[in-house]
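In what follows, one protein chain appears twice in different forms, each by itself as C-alpha cells: structure 1 and structure 2.
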Structure 1
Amino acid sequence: MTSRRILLLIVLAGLAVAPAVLSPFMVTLLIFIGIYSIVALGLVLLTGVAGLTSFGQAAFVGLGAYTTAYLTTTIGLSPWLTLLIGLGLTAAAAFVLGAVTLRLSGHYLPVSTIAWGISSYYLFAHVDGLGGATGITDIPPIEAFGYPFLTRESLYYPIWLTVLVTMQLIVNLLDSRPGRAIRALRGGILMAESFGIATPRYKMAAFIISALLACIAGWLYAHLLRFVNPTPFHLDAGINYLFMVVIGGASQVWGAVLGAGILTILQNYLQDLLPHLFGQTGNYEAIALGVCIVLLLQRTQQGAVSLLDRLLPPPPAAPPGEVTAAERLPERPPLPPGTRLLVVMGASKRFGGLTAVNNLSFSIEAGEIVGLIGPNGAGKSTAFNLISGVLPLSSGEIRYLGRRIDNRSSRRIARLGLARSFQHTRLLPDMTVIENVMIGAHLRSRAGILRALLRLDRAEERSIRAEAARHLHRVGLADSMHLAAGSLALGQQRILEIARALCADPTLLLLDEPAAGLRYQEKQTLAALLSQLRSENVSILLVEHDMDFVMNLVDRLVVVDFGEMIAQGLPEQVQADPRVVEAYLGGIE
C-alpha cells in the first residue's frame, strides 16, 4: 500500500471517529468545514481547473439556504422538495448570469459575480417575507427514513458523506471526455475549438456545477442551523471561499477540504487568540489571516495540498498496461482519391495596413501532400489560420468538399474533417501526453457530463485511450505516454500535436512547421510517417521552412512571399523557378 493510500485511510478513519473523540466545539467546526468544502469543491472545478473566477458563490449558498428556509417555513414543503426547487433556481440563475458573461472573455465573469453577490445579499436582506436582518427562524430539520436530523451532530456524517461523494464525482468528471474539455478552458481555448470542443458550453457547465454545489451547501447550512440571516451570504463570504481554494490548492479536490479546514480553523483561533496576545480587542484577525495567506503562497503557488504532496513519495507512475483492448472509435468513410478537398480562391487577410495574405489561390485533392513554403513572415501561418477558421478572411473564398468554410468557426470546420497542429505548440502542459492526444478524439466520442460523473463512460473512454495510444505509437512517442506534456522537448511537443490531430481521424491534416526543432534522424522518421499517412489516404497541407525536408516528401508545392503566391507546381519545377530562388536566397539561408 502506498503512503498516499495510508494517509487517505487515516484521514477517513479520523473523520469517522471524530464525533466520538472530539469536543462538541471541534465537531461543530468540522461540520462547518464540511459545508465550506462543498462550496470550495465547486470552485476547484470552476477556478482551479477551468480558470474562471467567481466571487459570487456565497450568493448561491444563500439562494439554496433562503429557498429552503422560506418554502419550508411558509408553505411547509418538504426539505427534499425545496432542495430540488433550490437547485432549479440556482441552475437558472447561473445560466442567466453565465449566458450574459461567459461568452465575453477577460474580467466579465469576476465583475458580474461581484454584482450578483452584492445584489443577492441586498435581496436577502430586504425582500418582504425573508425576515430582513433577523432572517428566517424555525426551519424544520431534514428527515430521512422517518428519522429527523434534529441536532447539529446528527448532520455530521451526512455532510461529510456529501463532501466525499462530491470529491469522487469531481475526480470522475476530470478524468473524462467532458473533463478534458473543461481542463482545456484554462489556456487552451483556441486549441480546444480547433478540435471541435464547444468551449462556451463547457464554461457554462463548470459554472452551473459550481453553483449547484454551493446551493447544496446552503441547503445543508439552513437545516443545520435551523435559521438563516443574510450575513453568511455576503460578498465577503464569497471572497472567503476563493481564499479557501487558493490556500488549499485550487486544482486538486483535497485542496478544497484542506483550504476550508485551514481557513476556518485560523479564523476561529485568531479571533480568540489575538485579543489575548495584544491585550485589547480589535480587528486583528483580518491582518493576521492576510499575513498567513501571503506566507503560504510564498512557500507554494499551488497551495497547502502541494506542500503535502512534496512530503509524500510520488505516486507510482500509471501502469503501462493501462491501455487495454477496446472497440475502435468510429471512422470517416475514405474519400476516393482525386476528390477536390480544399479550394482556396483569392483569399486575402489584412492586419490594419499590413496585407499578410494577398489573393492566394490553390487547391488540394484527396491523397495529396501539398507543401506551403516561403520565407519567414511570408504569410504561411496566417493562411493556415484562415483555412482552419481561427482568423476571418478579409476577402476571398475557401471551400472544403464543395462547402464554403470561410464563414465558419474553427469548431464547425473541425467537424468536416480538418485537423491541425500549431506552429507555436498549444498543448496542456500539466496533462499527460496521452490525455493531450485524447482531446483530438473529442468529436469521435459522445460522453457527456452526467455519464462522466457516474462513470458510465468507461467503455468509450477505453476506446479513446486506445486510439490515442495507437497514434502515439505511430509517431514514436509511446514511451512518453504518461509523462506531463510540458516536460517534452519542443520538437516532441510538435510530434504530440500530430498525434492529437491524427486522433481526430482527419481527411485533411494541416501541419505548421512540424519538423522545426527536430534532429536529422527525427525528421527522417517524421517524413516516413507523413508518407505513410498519404498511403492511408490522409491529405496533408504542410507548412515548412526546411526545403530539403519538403522536397522529397510533397506532391506539389505552393510558394508564397510577402503574402502572395509566387510559384506552384512539382517540387523540381518550383526549385528551378528564378523567383523562388530569389525569394529564398534573399530571404533565409
Structure 2
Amino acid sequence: MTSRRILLLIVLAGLAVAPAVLSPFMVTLLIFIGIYSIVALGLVLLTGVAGLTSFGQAAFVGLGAYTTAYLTTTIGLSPWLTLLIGLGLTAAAAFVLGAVTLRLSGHYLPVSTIAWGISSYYLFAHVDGLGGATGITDIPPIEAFGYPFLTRESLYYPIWLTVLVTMQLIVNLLDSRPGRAIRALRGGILMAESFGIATPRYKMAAFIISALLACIAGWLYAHLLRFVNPTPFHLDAGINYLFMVVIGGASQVWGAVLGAGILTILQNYLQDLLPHLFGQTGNYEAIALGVCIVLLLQRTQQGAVSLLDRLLPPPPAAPPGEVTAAERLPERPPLPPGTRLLVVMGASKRFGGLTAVNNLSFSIEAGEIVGLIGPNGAGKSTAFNLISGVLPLSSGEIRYLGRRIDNRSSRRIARLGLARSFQHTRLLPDMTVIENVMIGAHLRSRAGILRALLRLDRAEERSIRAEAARHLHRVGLADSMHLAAGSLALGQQRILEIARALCADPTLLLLDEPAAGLRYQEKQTLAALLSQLRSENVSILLVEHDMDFVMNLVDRLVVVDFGEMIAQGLPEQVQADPRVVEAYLGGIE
C-alpha cells in the first residue's frame, strides 16, 4: 500500500471519529468546511479544469437555501421535495445566465459573474416574502427514514457523505470522454473545436454542474442553521469560495476540501486572535487573511495540494503501456488510391484592404502527401485555416469528397474526417501523453455526462484508451504514454499532436509546419513517420516553409508567395521553376 493511500485512509478515519473525539466547536467547524467544500468542488470543475472564472457561486448557494426556506415554511413542502425544486430552479437560472455570460471571454466573464453576485444579494434582501434583511426563520429539519436531524452534529455525517460522493462523481467525470472535453477547454477553443468538441455545450455543462453543487450546499446550509438571511450570500462569500479553490489547488479535487479547511480555520482563528493583539475590534482579519494567502501562494502557486505532493513520495511509475484487448472504435472505410479528397477552387481571403490569399486552386488525392510551401508570410497558414474552417472564405470554394466545406465550422469539418496539428503545439501539458491522444477520439465515442458520472462508460473508455495506445505505438511514443505531455521535448510534442490527430481516424491529415523549431535529427524522425503514414494510406496536406524538409518527402508541391500560387507539380519540377527560385530558394545560402 502506497503512502498516499495510507494518508487517504488516515484522513477518512479521522473524519469518521471526529464527532466522538473533538469539541462541539471543532465539529461545527468541520460541518461548515464540508458545506463549503461542496461549493468549492463545483469551482474546481468550472474554474480549475474548464478555466471559467466565477465570483458568483454564492448566488446559487443562496438560491438553494432560499428555495427550501420559503417552500418549507410558507407552503409546508418536504425538504426533499424542495431540494428537487431548488435544483430545477438553479439549473434553469444557470442555463439563462450561462447563455448570456459564457459567450464572453477574457476579463468580461468574471466581471459579469460579479454583477449577478451583487444582484442576487439585493434580490434576496428585497423580494417580498423572503424576510428582508432579517431573513426566514423556523426552517424545519431534514428527516430521513423517520429520523429528524435536529442538531448540527446530527448532520455531520450526511454532509461529509455528500462531500465524498461529490468528490467521487467529479473524479468519475474527469476520467471520461466529456471530462476530457471539459479539460480541453483550457487548451483553447480552436484546439477543442478541431476535434469535434462542442465547446459551448461543455462550458454550459460545467457551469450548470457547479451551480447545482452550490445549490445542494445552500440546501444543507439552510437546514443546518434552520434560518437564512442574505448576508452569507453576498459577493464576499463568492470571492471566498474562489479563494478556497486557489488556496487548495484549482484543478485538484482534494484541493477543494483542503482549501475550504485552510480558509475557514484561518478566518475563525484570526477573528478571535487579532482583537486581542490590537486591543480593539475591527476588520483586521481581512488584512491578515490576505497576507496569509499571498504568503501561501508564494510558496506554492499550484495550491496546498502541490505542497503535499512534494512532501509525499511520488506515486509508483506506471509501466510502459500496452495495447489492451478492447472492442475497436468505429473506423471510416478506406478510400481507394486516387480518390479526389480535397479541391480548393479560386480560394481568396481578404482582411479589409489586405489580400492574404488570392485565387488559390489545388487538389489532393487519397494516398498522397501534398506540400503547401512558401516563404514566411506567403499566406500558407491562412490557406490552411480556410481549409480547416478556422477562417471563412472571402470568395471561391473548398470541397471535400464532393461536398462544400467552406461554409462549415471546424467542428463540422472534423466530423467529415479531417484532423489537424498546429503551428504552435496545443497540448494540455498537465495531462498525460495518452490522455492528450484520447481527446482525438472524441467524435468516435458517445458517452455523455450522466454515464460518466455513474461510471457506466468503462467499456467505451477501454476502447478509447486502447486506440490511443495503438497510435502511440504507431508513432513511437509508447514508452512515454504515462508521462505528462508538458515534459516531452518539442519534437516529441509535435509527434504527439500527430498521434492525437490520427486517433480521430482521419481521411486527410492537415499538418501546420510540423518541422518548425526541430533539430536536424528530429526532422529526419518526423519525415520517416510521415513516409510510414503514407504507406498506410494516410493522406496528408503538409504546410511548410522548409524546402529541404519537404523535397524528398512529398508527392506534389504547391508554392505560394504573397498569397498567390506561383507553381505546383512534382518536387523536382517546382525546384527548377524560375519563379520559385526567385521568390524562395534564392534567399537560401
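Residue 1 is the first residue of structure 1, and the numbers go on in sequence order from there. So that the term is clear: the rigid core is the largest set of C-alpha atoms that superpose within 1.5 Å between two forms. From a predicted model like this one, the values you see are computed outputs, not experimental measurements.
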{"item": "Selected structure - criterion: the form predicted in complex with adenosine-5'-diphosphate (ADP)", "value": "1"}
{"item": "Rigid-core frame, C-alpha of residue 355, shift of 2 angstroms or more between structure 1 and structure 2", "value": "yes"}
{"item": "Core fit, then residue 76 C-alpha moves 2 Å or more between structure 1 and structure 2", "value": "no"}
{"item": "Shift of residue 514 between structure 1 and structure 2 at or above 2 Å (CA, core fit)", "value": "yes"}
{"item": "Core-fitted comparison between structure 1 and structure 2 - CA shift at residue 545, Å", "value": "3.4"}
